[in-house]
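The form predicted alone is given below as one chain in structure tokens.
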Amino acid sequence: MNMVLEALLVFIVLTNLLMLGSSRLGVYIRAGAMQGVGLSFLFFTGEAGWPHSHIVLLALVTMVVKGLVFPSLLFRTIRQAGVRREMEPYVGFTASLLAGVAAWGFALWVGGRLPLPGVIRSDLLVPTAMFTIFTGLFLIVARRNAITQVLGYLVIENGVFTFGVAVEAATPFLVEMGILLDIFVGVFVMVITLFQINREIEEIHMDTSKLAALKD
């Protein structure tokens, strides 16, 4: 089972690197969706035997929300906005990928020294969570497109979610469901805001650096 768990964690790391090195919004969204589906399977790599019903429910909700609902909302947004690529990011894509590789190495170093409660099922769990959080923060800070920044917010939550899986014994089910609901509401509101921005001022094209030009 550890091999399956570590394969899933490597897959999540690769989706992070894909998002850091790509300019296409569709790739961002698909990678985020695959990452969300991968997270849902993490719940089945725990204790031997069939997991409890609440774990199965949480995994299914995670798969549907992160792998289907959020990507559908974001794809609809880019169709409405007519934007397909991330243009003129603050940090170039090659530099972003190099920063991601460096961040992964740093996460491995810190993750091996971070004191945690209980027994962690894999040495890659905490570094993967930290690297995913870094990827989300980087997408928010280093990209100009509002859609990419919304996705960055989702990736941060995926990192927090991964960390929660690492210490699942100390994370009650209702708290996890509440966090997932908060994320859903937050993304829903952000997507509605993007629709409104694009409809009212088409020339902005989702470039957040131009929002300072908005006036009453």
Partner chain sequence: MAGLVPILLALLLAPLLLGVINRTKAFFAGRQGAPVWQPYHDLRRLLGKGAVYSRTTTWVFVAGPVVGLASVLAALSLLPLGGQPAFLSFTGDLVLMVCLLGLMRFVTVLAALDTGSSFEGMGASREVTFSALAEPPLFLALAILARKTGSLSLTGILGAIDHGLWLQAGPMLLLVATALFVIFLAENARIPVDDPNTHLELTMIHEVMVLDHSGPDFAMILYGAALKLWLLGALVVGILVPAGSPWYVGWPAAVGGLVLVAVLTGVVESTIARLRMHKVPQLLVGSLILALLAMVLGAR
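Residue numbers count along the first chain shown, from 1. A quick note: this is a predicted structure, and the numbers were derived from the prediction, not measured.
There is another form of this protein, the form predicted in complex with its partner chain, and it is not shown here; the text below is about that form.
- The three residues 70, 73 and 151 each lack any heavy atom within 4.5 Å of its partner chain in the predicted bound form.
- At the 4.5 Å threshold, heavy atoms of residue 17 reach its partner chain in the predicted bound form.
- Its partner chain is not drawn, but in the predicted bound form it has no heavy atom within 4.5 Å of residue 25.
- Among residues of the shown chain, residue 124 is one whose heavy atoms approach its partner chain to within 4.5 Å in the predicted bound form.
- Contact annotation for residue 141: none of its heavy atoms lies within 4.5 Å of its partner chain in the predicted bound form.
- Counting a residue when any of its non-hydrogen atoms is within 4.5 Å of its partner chain in the predicted bound form, the hits in 91 to 105 run 93, 94, 97, 98, 101, 104.
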